[in-house]
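Listed next as structure tokens is one chain, alone, in the form predicted alone.
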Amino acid sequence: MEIDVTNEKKKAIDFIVNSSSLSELIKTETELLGRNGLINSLLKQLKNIIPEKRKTVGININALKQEVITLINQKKQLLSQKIDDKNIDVTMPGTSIKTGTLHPITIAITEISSIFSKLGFIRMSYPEVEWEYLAFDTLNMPKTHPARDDFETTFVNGEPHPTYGKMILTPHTSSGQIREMWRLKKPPIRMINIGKCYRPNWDATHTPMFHQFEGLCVDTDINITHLKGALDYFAKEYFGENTQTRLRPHHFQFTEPSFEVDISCTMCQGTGILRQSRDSGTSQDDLKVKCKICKSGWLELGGTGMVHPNVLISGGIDPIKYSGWAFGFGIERVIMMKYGVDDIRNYYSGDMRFLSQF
């Protein structure tokens, strides 16, 4: 028995080409590929072919089957397009295309740069891979300081520099203070340094990589009132006109005196009370419900202080003639405080439901 695959292929193609509607094409598909269709009928006849030719004919039938499937799919698309074209109302507005948004960190960096530029600060960016000497020694941090331990700092494999020591992923933007002093050589200095920092921590308020912005102002007769004025200006511009700041005494190796900066909570307006609810008991007094964000009316923004004389000397600046202040704040943290975000990991999850809110 012989099977003329070529002739059967011609008939199958004619069936497909002559189908003028989707309903006809579906009927043709059943006749060709259905359980009792042409292809299965040809496969059933293979047993009647002499063994020497059976393999070749079987290959040809399978090739025909794949070609029929391809042609039917193409025909379906063509017929569907014709139906859509007939039903299009050209007077209707088109479907709007979703546009992307900037990442909240990018938005914050732009806003912060703009705020400090109005105070005469220039935006700088310094290396993410730094030398131990610049990240610690020049900032008045002794060899025994716990921040230099590998539990707090990420060290990079490589040959240590004979003067600057080991390479590290910069744990803070403060090394930019020294580099800026070296670059300008002489005050006045007004710098805002924004960059990535690295510390091996991972939880709701810490990530191994995060962003900081560092402010540095060095000139003659600079004092704490200038620092407080700059912080007040930033807080009101970024968080809102009613935001207040306060300084709490603290200790940092590279500033003296040193302070922690707090801002009044943006959620409860510094009252520490998010809402009041009526007691359902016999007492008619209002119950004060503490703010979940701050619990006290204040939020810690970051560290600041007057630049330590040893740091000025490391930067080649005369501490007798000049003074300055500096601060370092986390960008992720200021966003959390502005919008009430409770988990820093949201910024890096890639979840569009979170990111599209900004």
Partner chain sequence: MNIKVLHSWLLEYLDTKATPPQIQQYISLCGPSVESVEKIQNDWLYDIEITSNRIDTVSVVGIAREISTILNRFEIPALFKKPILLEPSSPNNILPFTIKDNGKLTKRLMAIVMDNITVSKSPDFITKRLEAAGIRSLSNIVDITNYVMLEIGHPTHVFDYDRIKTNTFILRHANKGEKITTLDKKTHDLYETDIIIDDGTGRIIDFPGIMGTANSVVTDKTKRIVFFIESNNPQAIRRSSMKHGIRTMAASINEKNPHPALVQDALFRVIELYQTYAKAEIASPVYDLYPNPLTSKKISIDIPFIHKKIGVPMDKKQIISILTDLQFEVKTKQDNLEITIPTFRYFDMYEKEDIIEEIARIYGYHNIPGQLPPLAYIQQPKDIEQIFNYQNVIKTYLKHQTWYETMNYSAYSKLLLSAFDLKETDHLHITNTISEDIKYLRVSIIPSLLKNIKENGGFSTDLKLFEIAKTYKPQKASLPEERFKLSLVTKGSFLSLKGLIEALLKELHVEKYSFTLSSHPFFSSTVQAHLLIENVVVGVLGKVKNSIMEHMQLTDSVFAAEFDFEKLIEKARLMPIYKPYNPYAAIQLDLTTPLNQSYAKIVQIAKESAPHITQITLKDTYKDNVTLHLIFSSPNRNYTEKEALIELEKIKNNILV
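On a predicted model such as this, the values are computed, not experimentally measured, just so you know. Numbering follows the first chain given and starts at 1.
The form predicted in complex with its partner chain is left out here; the points below concern that form.
The stretch that touches its partner chain in the predicted complex, counting heavy atoms within 4.5 Å, is 322-330, out of 48-56, 62-70, 322-330, 35-43. S356 belongs to the set of residues with a heavy atom inside 4.5 Å of its partner chain in the predicted complex. Remark: Y348 counts among the residues lining its partner chain in the predicted complex, judged by a heavy atom distance of 4.5 Å or less.
Residue contact check for G240: none of its heavy atoms lie within 4.5 Å of its partner chain in the predicted complex. Using a 4.5 angstroms limit between non-hydrogen atoms, N310 touches its partner chain in the predicted complex. Exactly one listed residue, out of L79, I273, L247, M267, brings a non-hydrogen atom to within 4.5 Å of its partner chain in the predicted complex: L247.
In terms of contact with its partner chain in the predicted complex, the residue from Q74, T163, T95, T110 that brings a heavy atom within 4.5 Å is T110. Shown without its partner, the chain has L169, R179, R183, L184, P188, I189, R190 in segment 168-195 as residues with a non-hydrogen atom within 4.5 angstroms of its partner chain in the predicted complex.
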